[in-house]
Ligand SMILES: NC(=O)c1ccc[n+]([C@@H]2O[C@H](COP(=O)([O-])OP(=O)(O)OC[C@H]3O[C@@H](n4cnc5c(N)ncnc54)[C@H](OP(=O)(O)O)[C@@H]3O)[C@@H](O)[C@H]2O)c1
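One chain comes next, on its own, written as structure tokens: the form predicted on its own.
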Amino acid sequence: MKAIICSKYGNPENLKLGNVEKPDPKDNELLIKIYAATVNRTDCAILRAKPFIMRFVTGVFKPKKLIPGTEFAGKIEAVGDNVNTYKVDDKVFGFDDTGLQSHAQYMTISKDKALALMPENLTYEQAAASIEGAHYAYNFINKVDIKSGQKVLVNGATGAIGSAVVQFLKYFGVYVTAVCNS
């Protein structure tokens, strides 16, 4: 299968398109054909290994996972023997900020990872692009006591995280003032 390969930290020029063996799912994994994946802020941080502390998760001297990618949407092609929550042909999407190796034609993922069935009204592209920002936004606002009617200023409201924060806050009945760079 085709995949993006990253054998050393640095700039995007280090990424190469190559051929690798198609993975086989283990007993608790799913094989997913990738239809859409993103390049997001987490992927860029992993590529550059900045901040440095990331290297303790992604590899001290070089990337542990040669195929980058943290976010995806696709269709299940095979399931391991111990998987009963998903089935072949299910449309799924997911995110893991330590890396999923989703910049490839196929990937495997544990049935217990951050994975969900796609809503029927979303395209693969929409599903893949909807996760990372919402993940960080929810984890941010979940740490503060948000009450309906509060007034909140969101700085950087046009990025993935900022726009998700605005949507969550509006859902919770918060009065939002959103600002961004010109």
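Source: prediction; values computed, not measured. Start at 1 with the first residue shown and count on from there.
Missing here is the form predicted in complex with this ligand; even so, the following discussion is about that form.
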| item | value |
| --- | --- |
| Contact test in the predicted complex: L169 vs this ligand, heavy atoms, 4.5 Å | no |
| Partner proximity in the predicted complex: S7 to this ligand, non-hydrogen atom cutoff 4.5 Å | no |
| This ligand contact at G162 in the predicted complex, heavy atom, 4.5 Å | yes |
| Contact test in the predicted complex: N155 vs this ligand, heavy atoms, 4.5 Å | yes |
| The unique member of R41, K65, K33, R55 whose heavy atoms fall within 4.5 Å of this ligand in the predicted complex | R41 |
| Residues from 163-182 in contact with this ligand (non-hydrogen atom within 4.5 Å) in the predicted complex | V179, C180, N181, S182 |
